[in-house]
Each structure stands twice: as C-alpha cells, then as structure tokens.
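First, one chain by itself: the form predicted on its own, in structure tokens.
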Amino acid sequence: MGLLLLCLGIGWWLWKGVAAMEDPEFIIGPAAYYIINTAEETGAANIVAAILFDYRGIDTLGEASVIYTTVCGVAMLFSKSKYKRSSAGLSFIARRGVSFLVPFLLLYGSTIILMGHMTPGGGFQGGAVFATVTILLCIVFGSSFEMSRIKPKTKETIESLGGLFFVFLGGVGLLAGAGFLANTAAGFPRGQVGNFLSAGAIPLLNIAVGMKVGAGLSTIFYSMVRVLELEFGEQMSEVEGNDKN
C-alpha cells in the first residue's frame, strides 16, 4: 500500500511538472533549435535520438567506447577463470513462466531498438533489455544455462562488431566529404518523418549501439558471476573438508 501511494504521489508530481512547462514557442537556446529543426534536418521524430546519433554522434561514440573498454578489461582480467559449479536455478513454475516471457522480452527489446528514431527508446535502452534477458535466464535456469548456448566469445564478438559497425557508418560520412558520422548530408535517405524507413543513419546507429550494450553488459555480468561461483566453490570445498575432519 505504501509503494502504491508513493507511485501515485510521484505520478501526480510529474503531471504537475509537465503541466507547468512553458509552451515551446517560449523556449530559447539550443532546445528551441532542436524542437524546430530536428524533424526537417534528420527525419527523426525522436528528438533525443537525433541529438545522440546526429548532432552529437561523436560524443555517443565516446560513450559507447567506455563499454567496449570495460568489456575488454573484464574479459582480460577473468580470461583464465572457469566455472567450478553452476547454481540449480529456481523452481519448475518459475522456469516455465520465464520461458513464456522471454520471446516477448526479446521482441520488446528489438522494438525499442528498431523504432528508436520514431518513439522513445534506442540502442542503449534496447541493449539493456537484451542484457536483462540473459541475466534473467541465469537467475531462473542456473548460471551455466545461457552461457552454454551463447559462448562468452560470441558475445565479445557481437560487441566488437557493433563498435566496428558504428565506426563504419561514421566513415561513410568521411567518404562522402560531409564529415565523420554525418547523416543526411552524407547521402543517407531522410525519408518521411514518422515512417519506419526514415531518419537516415540513426536507425542503423541504434542497431550498432544495441549490439554493443546488450552483448557488453551480458559479458560483464557473466564475468562477475564467474568470480562469485569460484569463491562459493572454494568455500564449499573448505566446509566439506572440515566436515570430513
């Protein structure tokens, strides 16, 4: 009951804040420019996505590189670690329930990525949903269930391909003489605002970032689980040895 009242209170507070916002015609500065010109210049209905992947695409590449660097560091640090045991997972009912939900979660993550230029969402959010699915499978089915089907090396490859795809799309702008990560100026079709095939390179950049974030976060999670499994296995060995003594 307390959580329900808290959610209702936050919702009311958010509604009052939105209602108190000024009309767009009174907004000044860069925000006004983006609101007025984003659709015409980029073809994207989602202004946030246009800013991330067009107006400040190089900054987004730097942010994505942070995940890549983290994955490389974690993979190198725990490259020689191996699982000593696997958790048994949860009950039969939990497994069946998650088996039913996973396809819908994957569809939801794909929708967030592929329609990120039209609706709220994008590569970062969709990639986080994909990573959440792998974590959910690990918790419900056991720590080695998902890893036995998608090897860590495969995830590292997907993450790296996402980064290379991002850089490749940026290089198209250089080849066109419009600058790195140029969008419609590099020849990518702007399309009609609101259509699925629109916004030039922004949907492709969302896919690249989704690959990086989804595979990268999943790799980091499994590396952390590997350490916990090793520590737990060592503790169990010590307990079993003391029991025998």
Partner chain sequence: MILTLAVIFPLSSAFVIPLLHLYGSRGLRLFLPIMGLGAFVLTLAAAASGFGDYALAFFGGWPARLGVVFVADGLSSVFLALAAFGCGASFLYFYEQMGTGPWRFYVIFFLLQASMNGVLLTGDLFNMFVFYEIFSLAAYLLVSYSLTWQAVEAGLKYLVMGTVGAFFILLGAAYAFIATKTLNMAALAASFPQMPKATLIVIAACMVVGFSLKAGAFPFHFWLPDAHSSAITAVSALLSGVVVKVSIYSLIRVSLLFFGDALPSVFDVITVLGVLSLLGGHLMASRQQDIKRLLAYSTVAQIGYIMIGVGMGTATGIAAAVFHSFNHMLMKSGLFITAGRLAEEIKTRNIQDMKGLYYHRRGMVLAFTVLAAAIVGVPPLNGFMSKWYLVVASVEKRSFLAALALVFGTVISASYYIRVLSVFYTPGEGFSEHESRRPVLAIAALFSACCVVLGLLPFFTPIWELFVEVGSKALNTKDYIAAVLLK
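Computed from a predicted structure; not experimentally measured. Positions refer to the first chain, counted from 1.
Just so you know, the form predicted together with the partner chain exists too; it's not on screen, but the next bit is about it.
With the partner omitted from this view, the residue of L107, L161, I150, L101 that lies near the partner chain in the model of the complex is L161 [heavy atom within 4.5 Å]. The closest non-hydrogen atom of A75 lies within 4.5 Å of the partner chain in the model of the complex. At least one heavy atom of V66 is located within 4.5 Å of the partner chain in the model of the complex.
At the 4.5 Å threshold, heavy atoms of T157 reach the partner chain in the model of the complex. Taking non-hydrogen atoms only, Y33 approaches the partner chain to within 4.5 angstroms in the model of the complex. In this stretch, 100-117, not one residue has a heavy atom within 4.5 Å of the partner chain in the model of the complex; the partner itself is omitted from this view.
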